[in-house]
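Quick heads-up: it's one chain on its own, the form predicted alone, in C-alpha cells.
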Amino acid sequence: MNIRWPNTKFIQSVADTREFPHIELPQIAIAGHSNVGKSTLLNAIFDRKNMVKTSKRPGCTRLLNLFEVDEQILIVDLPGYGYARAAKKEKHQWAKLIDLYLRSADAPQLVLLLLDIRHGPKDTDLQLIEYLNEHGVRWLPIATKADKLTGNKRTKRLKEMCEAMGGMLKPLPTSSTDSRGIETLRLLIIEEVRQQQQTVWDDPLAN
C-alpha cells in the first residue's frame, strides 16, 4: 500500500454521531488528553504544517474531526479529554460523543492513544484504556514529545508507562519537533489497514 500522506484533506467536523458521513474507508482514531499534542502530531503524520489547527490553549479539539488520507484511510481526531477548565456539562458532552462514536457502526478499527512522555498515563488515560478493553476496541499507546527527555530518562519513562498500562504494550516514542517515530507510526497505520483489508478479503462477513 502506497500512501501519499501530504495528499490529505479535511472532510468535516461532527458534533453528533448521526451526522457522521458514510465513508467506506478504514478508520483510525486519535485519542488523548488535552494538550498532549494531538494536532501537532497529526500535522507531522500528514506532512502538512497547517492541516490541523493547533493551539497552546488546551481543549481546542471539541468535535470529531475527519481527515481523508490519499483517498485510502480515514483519520478521526477525537476531542481531547481531561481539560480541567472546561465546564462539567461540556466535559460530559465530549465524553458522550467519544462513547457514541466508539460504540457505533462507524467505530474505528484502531485507536492510537497519545500520552505525553513527560507525565505518562494520567487517571483519565487509564479510564479510557479500561473502557477500550471492556468494549473490545483495539488500541496502541503513542508517547508524544519524546524529544523532551533524553537517553536513560526516556528509556526509563517508557518502561514506567508500559508498566502503568498493564505491561503488555510499550509506547512508541514520537516527536513532532525532530520527527522521531513519525515514519514508524505511518508504517504502523498502513500495516493496520492492510491487515484489516486482508481480513475482509478472507472473510466478507468479518465486518
Ligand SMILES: Nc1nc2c(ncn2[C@@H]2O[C@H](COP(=O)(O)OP(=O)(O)O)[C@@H](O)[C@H]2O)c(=O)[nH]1
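Counting begins at 1, following the sequence as shown. These numbers were taken from a predicted model, which means no experiment stands behind them.
From this point on, the text means the form predicted in complex with the ligand, which you will not see here.
> So which of 69, 142, 45, 36 gets a non-hydrogen atom within 4.5 Å of the ligand in the predicted complex?
Contact with the ligand in the predicted complex is made by 36 alone.
> I'd like to know if residue 176 sits close to the ligand in the predicted complex, meaning any non-hydrogen atom pair within 4.5 angstroms.
Yes, residue 176 sits close enough to the ligand in the predicted complex that at least one of its heavy atoms falls within 4.5 Å.
> So, in the predicted complex, is residue 160 in contact with the ligand at a 4.5 angstroms heavy atom limit?
The answer is no: residue 160 has no heavy atom within 4.5 Å of the ligand.
> May I ask you to check whether residue 40 falls inside a 4.5 Å heavy atom distance of the ligand in the predicted complex?
Answer yes; at least one heavy atom of residue 40 falls within 4.5 Å of the ligand in the predicted complex.
> Report yes if any heavy atom of residue 54 sits within 4.5 Å of a heavy atom of the ligand in the predicted complex; otherwise report no.
Yes, residue 54 lies within 4.5 Å of the ligand in the predicted complex.
> Of 108-122, which residues get within 4.5 Å of the ligand in the predicted complex if you count heavy atoms?
Stretch hits: zero.
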